[in-house]
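Encoded as structure tokens, the following chain is the form predicted alone, with no partner shown.
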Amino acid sequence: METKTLRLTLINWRADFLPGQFVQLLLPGVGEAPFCITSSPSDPKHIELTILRRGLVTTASQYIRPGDAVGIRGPLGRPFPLDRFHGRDVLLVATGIGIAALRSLILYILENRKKFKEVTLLYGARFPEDLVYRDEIKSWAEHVKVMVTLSKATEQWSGLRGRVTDHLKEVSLHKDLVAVVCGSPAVMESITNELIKYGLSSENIYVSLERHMKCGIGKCARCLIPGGLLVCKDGPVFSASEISIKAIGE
């Protein structure tokens, strides 16, 4: 998986954002695309974006060099409701590049650790080379419980094996737990269903649907989902009680 994290220095502008929000990245002569903010909200002078190489804009972003000028529009969207997370146990579940949408929240939790009870990160990928933030995860594990699993692990892999859903039973799940899920649509739908089976309320399960967005301001209606909601304006963060679980997987 070919990813790159851009650290952008903001000129004459402060990025007052919260975990879960996103920005539109404009590359002159190439185009514009939405990306979740992956940096800590405690640093308003910089924005970090972790980008997986997929299309025109994402490919061009791989060749940005220090000193290059890019455009940023945002922050946009509805963030995670942090006040609902404070004082509670939190489970963060991510697969693949989905961890990027949770990194800002993870950094916020680490910087405000006393505001949270037990925090668990369950992160899954296919191969070792697919793991994003490999070096950072080691430092995260000093402050929160981290579980990393590979669905196609090599013989050299000494960690957990299988999908993230295989290891939910190893987490202390209860009805007051807050869960945050991010990954591919099908994976988020599967994990959400499993969490509900374990007794979690849909109101306490949050997903990020940023992959559906295009213009970012609700004008193109490309991110319309069942129920008449626009992901870019009404989300990208939703609780599973606000939208149908089927919509999560579409």
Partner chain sequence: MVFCDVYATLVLSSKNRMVNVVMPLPIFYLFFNFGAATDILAVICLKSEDGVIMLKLPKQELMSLISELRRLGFEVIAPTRSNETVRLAALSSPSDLETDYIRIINSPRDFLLPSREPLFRYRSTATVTSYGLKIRFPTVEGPCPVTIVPEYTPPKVKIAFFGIHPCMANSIRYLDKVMLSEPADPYYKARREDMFVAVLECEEGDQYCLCKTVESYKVPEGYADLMIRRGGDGFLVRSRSKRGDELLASLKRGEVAGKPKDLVPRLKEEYAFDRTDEAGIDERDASEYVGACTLCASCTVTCPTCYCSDIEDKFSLMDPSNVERSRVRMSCQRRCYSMIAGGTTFLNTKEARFKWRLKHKFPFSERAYQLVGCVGCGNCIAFCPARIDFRKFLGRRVA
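Keep in mind that what you see is a predicted model, and the values were worked out from it rather than measured. Positions refer to the first chain, counted from 1.
The form predicted in complex with the partner chain exists for this protein as well; it is not shown, and the discussion that follows is about that form.
Legend entry - Partner contact for Gly199 in the model of the complex: the partner chain, 4.5 angstroms, heavy atom: Gly199 lies outside the contact set for the partner chain.
Legend entry - Proximity of Leu18 to the partner chain in the model of the complex, heavy atoms at 4.5 Å: Residue-level check for Leu18: no, no contact with the partner chain.
Legend entry - Heavy atom of Leu49 within 4.5 Å of the partner chain in the model of the complex: Residue-level check for Leu49: no, no contact with the partner chain.
Legend entry - 4.5 Å heavy atom contact, Lys219 to the partner chain in the model of the complex: Yes - in the model of the complex, heavy atoms of Lys219 and the partner chain come within 4.5 Å of each other.
Inset, instruction - Using the arrangement in the model of the complex, list in sequence order the residues of 67-84 with any heavy atom within 4.5 angstroms of the partner chain. - result: Residues within 4.5 Å: Gly67, Asp68, Ala69.
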